[in-house]
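Only one chain comes next, encoded as structure tokens, the form predicted alone.
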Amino acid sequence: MSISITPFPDGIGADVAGVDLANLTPGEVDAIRSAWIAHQVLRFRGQKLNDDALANFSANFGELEGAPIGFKTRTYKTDRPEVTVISNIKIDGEAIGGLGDGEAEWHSDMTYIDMPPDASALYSLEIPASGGDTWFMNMYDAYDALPEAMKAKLQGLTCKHDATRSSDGKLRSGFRETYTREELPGAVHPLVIRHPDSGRKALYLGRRLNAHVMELTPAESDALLDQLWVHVRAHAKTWSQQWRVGDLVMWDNRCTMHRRDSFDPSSRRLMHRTQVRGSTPPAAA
């Protein structure tokens, strides 16, 4: 097989063909790593992966993360503890995985911890006839498109990322509905980070809900974050993944955000996910 990498025309992402992710050579791993840094999101079609193969592929890029808060599966067990189930399927009325069938808002994964994952990989086993598309946003582009005055304003500012709710807005187990600004559980990260491999600056928003800028008053924080979220939706490049069974999509969690479209609750969607543990904390640019 001969590996080929075809960038998408949308300014983010690339298709990788000519590889079997269950049987990679060292040279292919190196090529995939370089493409991942260059293009932020990679898609591999037509893969046949069990949980061992999915975990072993992902481990080429670092130590694997455990399941995030609220994703400990009770009814349905994967073959590897590093593999998380994303699904709306229920057995005897109990969900076998996380995130259900609703819309998931723009976010980066697990930015509510001090060392968020470097990468996430999502593999499709069952998909609905329509809906459930996954969108990706280029956060390098989001930063580059900012006015120079805004870039200067963001230097030195940090943001607390809320740990209490998932990307679909649901309260995670063990947390209260409301907290004071000071008590809100979560991690604090710079609003602008420098990617440790590419060296590029990226806007680092995580997610909007309950986020606040530590150095500003509540009113100032809300105004700034609202302005930044309007900006990224208007100016950052995006790409949408329309899933087929056997697709694996891998993304760089440090310089992208992603979201998911809702889909028919009566249909079935089953995905298995791995995450690569963060190698360094997000560092200010």
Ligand code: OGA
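Start at 1 with the first residue shown and count on from there. Owing to the predicted nature of the structure, the values given are computational and were not obtained by experimental measurement.
Below, we turn to the form predicted in complex with the named molecule, even though it does not appear here.
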Report task. Identify, from the list Leu99, Ile113, Leu154, Val213, the residue with a heavy atom within 4.5 Å of the named molecule in the predicted bound form. Result -> Leu99
Query raised in the report: Pick from Asp162, Asp141, Asp109, Asp118: which has a non-hydrogen atom within 4.5 Å of the named molecule in the predicted bound form?
Result: Asp109
Query raised in the report: Are any of the heavy atoms in Phe57 no more than 4.5 Å from a heavy atom of the named molecule in the predicted bound form?
Result: no
Query raised in the report: So in the predicted bound form, does any heavy atom of Arg254 sit within 4.5 Å of the named molecule?
Result: no
Query raised in the report: Should Ala187 be counted as a contact of the named molecule in the predicted bound form, where contact means heavy atoms within 4.5 Å?
Result: no
Query raised in the report: Should Val83 be classed as touching the named molecule in the predicted bound form when contacts are defined as heavy atoms within 4.5 Å?
Result: no
Requested in this report: Sort through 255 to 263, 216 to 224, 32 to 40, 229 to 237 and report the only stretch with a non-hydrogen atom within 4.5 Å of the named molecule in the predicted bound form.
Outcome: 255 to 263
Query raised in the report: Looking at the named molecule in the predicted bound form, which residues in 114 to 148 have at least one heavy atom within 4.5 Å of it?
Result: Leu122, Thr134
